[in-house]
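Below sits a lone chain in structure tokens, taken as the form predicted alone.
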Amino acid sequence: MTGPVDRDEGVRRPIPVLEVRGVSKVFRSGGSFGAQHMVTAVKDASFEIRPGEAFGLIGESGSGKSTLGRLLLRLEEPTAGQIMFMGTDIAHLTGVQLRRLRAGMQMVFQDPFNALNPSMTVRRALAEPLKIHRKLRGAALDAEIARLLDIVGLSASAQGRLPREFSGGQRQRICLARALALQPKLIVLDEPTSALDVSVQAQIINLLVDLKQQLNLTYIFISHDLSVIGQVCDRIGVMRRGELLEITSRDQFIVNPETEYARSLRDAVPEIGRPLPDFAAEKAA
């Protein structure tokens, strides 16, 4: 099995939350006269995510980073390879076994306008997973919903409102609260700020940094924007044409990327590492 060398090797490693071993994804589509076309979206990807770590996946559009994120949660089926979540290979699990593990893995999607059911109030969107998976009822349910909204910067009065009553940044906060509801071991964030205005992007990024510190979150942050990745991630994986070219610490990436492609990404963002503006959080009335 081939793959990039992880250059952050001087630290004693705890048991990984996620281990990816030689994962590939080939899409097949029909062509003229019955011929099939095969496109390799992800090729032999291997890496691991440690507890409490924010791991960034960076690459241009079409590099395979979003497909890889979906493979990790089995939203897409891998063509080959192993995906070890908390020591269990989920690449080949089905049915009840897969559903049991899925509660520990959550995803926040790019578009907060389509990620929420338009007819479901905020309270219902948060209450359903809490009732089903954590068996909360009554006062305990009320308290947990209020807590989740508070930690993402929304007031308890947001509970009775529908998604259309919120801005894009507020909707993404609701999506984060929903992802946190099941106390997941891993969250995959797929371009979670790209659909938002710049000032709102900064709010969400600051929130993610705070939540990582408060809750010891483990997450994968997928983006084409290195300036964003550089603010929130401990390590960075660089993807191009379906391949992971390089995995390194954030600081090492800034100082000395290994590959020419990674250097071109780094050099295109001269202010990587510049602190984000401390915009006041959007609060729902």
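We number the residues from 1 along the sequence you see. Predicted model, so just to flag it, every value in this text is computed and none were measured.
Beyond what is shown, the protein has a form predicted in complex with a small molecule; the following relates to that form.
- At a distance threshold of 4.5 angstroms between non-hydrogen atoms, Arg50 is out of contact with the small molecule in the predicted bound form.
- Under a 4.5 angstroms non-hydrogen atom cutoff, the small molecule in the predicted bound form lacks Pro257 among its neighbouring residues.
- Contact between Gln231 and the small molecule in the predicted bound form is not found at the 4.5 Å heavy atom cutoff.
- Remark: Thr218 does not count among the residues lining the small molecule in the predicted bound form, judged by a heavy atom distance of 4.5 Å or less.
- None of Glu128, Glu191, Glu144, Glu165 but one reaches within 4.5 angstroms of the small molecule in the predicted bound form through a heavy atom, and that residue is Glu191.
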